[in-house]
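Taking the form predicted on its own, here's one chain by itself in structure tokens.
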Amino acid sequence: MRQYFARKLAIYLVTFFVAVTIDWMIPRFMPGDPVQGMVSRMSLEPEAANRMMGFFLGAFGLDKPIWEQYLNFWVALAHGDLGISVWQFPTPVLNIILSAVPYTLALLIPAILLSWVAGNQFGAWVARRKRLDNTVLPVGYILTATPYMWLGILIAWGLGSVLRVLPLSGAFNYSMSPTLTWEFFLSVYTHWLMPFLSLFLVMFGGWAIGMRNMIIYELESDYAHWLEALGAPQSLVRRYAFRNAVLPQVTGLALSLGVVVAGALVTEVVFSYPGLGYLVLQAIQNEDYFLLQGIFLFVIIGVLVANFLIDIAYVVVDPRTRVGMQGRA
């Protein structure tokens, strides 16, 4: 088992190196010059503009050859330094990201976990109820095929603009400042609800359909028919079917994390929710290399860590995996 986890860890480290290298390269292929943009907004005389150009190039380390910038990036990363933001100069990128990460995690973690649990339970429940299945299945296909951003716009239009029961943007009321009061927490909750629903509903439909199909497959398998022939109660047969059907859903959770995170970032833009997605938009608009690569670095680390934890959970959930590793040892 140690060899298995060591091999997995090595694969994740190589993936991290390649992904972070691509993350470093992509902003530098973007059109435009962030330093030139900063200086042009100052409306300086040509001589003063040239001096400011030299200052900013040195401050951002962009006056060095590209290979040296790449090496300096890894050295700085090893020390926890993600650079200085162009958009909010001279604020460190790490400080800006850390202020936005709690908002993104507050959306992602509940949406992923609740949709996975509720979707699997609901899909297993409707699998053998034909009337309900015929009604729910088309709705599930519509939900899972709906882009996160488009559903977010529909929810914002319906609940925010038409019914006016929930606020349209922000993380809390703009007239408030963060305090430990029930009024503030209620404001945070009402602002959080619509972005959460847009993520939850899309994922819920996908998990429900996946579990429904897997349950039907398991109930038609030989072991299910054998248990029924022995007189086992239907509840026991369905319990075994659910245990086997949930294993591919665990794998699907790992495979879908990247798509879910990308959907969350776009959803934050729709609702002007001050998480990492909102920062991505600001970084692109302001040609902020360092903020953009810092955000994607956090996303890369988060997705890889979550996938690694799911790999470990799969070994715990599926005894056949443990038996197979012991056999190889």
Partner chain sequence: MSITTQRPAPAPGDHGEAALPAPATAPDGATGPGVAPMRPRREVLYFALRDKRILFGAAVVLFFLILSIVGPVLDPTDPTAFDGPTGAPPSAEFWFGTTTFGEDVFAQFVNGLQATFLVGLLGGGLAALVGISIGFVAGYRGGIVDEFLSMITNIVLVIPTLVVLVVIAAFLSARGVVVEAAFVGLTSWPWAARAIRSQTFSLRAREFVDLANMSGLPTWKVIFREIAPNMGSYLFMTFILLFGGAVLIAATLDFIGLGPTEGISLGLMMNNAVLWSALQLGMWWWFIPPGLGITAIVGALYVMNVGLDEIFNPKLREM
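The model shown is predicted, which means the values in this text are computed figures rather than measured ones. Residue numbers count along the first chain shown, from 1.
Heads up, the form predicted in complex with its partner chain isn't pictured, but that's what we're talking about next.
K.L.:
Do residue 168 and its partner chain share at least one heavy atom pair within 4.5 Å in the predicted bound form?
P.N.:
Flag for residue 168 set to yes.
K.L.:
Is the gap between residue 7 and its partner chain in the predicted bound form 4.5 Å or less for some heavy atom pair?
P.N.:
Judged by the heavy-atom cut-off of 4.5 Å, residue 7 is in contact with its partner chain in the predicted bound form.
K.L.:
Give a yes or no for residue 212: in the predicted bound form, does one of its heavy atoms lie within 4.5 Å of a heavy atom belonging to its partner chain?
P.N.:
Within the cut-off, so yes.
K.L.:
Would you please decide whether residue 161 lies within 4.5 angstroms of its partner chain in the predicted bound form, comparing each non-hydrogen atom pair?
P.N.:
Yes - in the predicted bound form, heavy atoms of residue 161 and its partner chain come within 4.5 Å of each other.
K.L.:
Please pick out the stretch from 183 to 191, 204 to 212, 76 to 84, 98 to 106 that is in contact with its partner chain in the predicted bound form, where contact means heavy atoms within 4.5 Å.
P.N.:
Stretch 204 to 212 is the one.
K.L.:
Could you tell me which one of 136, 114, 216, 94 places a heavy atom within 4.5 Å of its partner chain in the predicted bound form?
P.N.:
It is 216 that has a heavy atom within 4.5 Å of the partner.
K.L.:
Please tell me which of 71, 255, 176, 132 lies within 4.5 Å of its partner chain in the predicted bound form, judged by heavy atoms.
P.N.:
Only one option qualifies, and that one is 255.
K.L.:
Enumerate the residues of 139 to 169 that have a non-hydrogen atom within 4.5 Å of its partner chain in the predicted bound form, in sequence order, or give none.
P.N.:
If the 4.5 Å heavy-atom criterion is applied to its partner chain in the predicted bound form, 139 to 169 yields 141, 142, 144, 145, 146, 147, 148, 149, 150, 153, 154, 156, 157, 161, 168.
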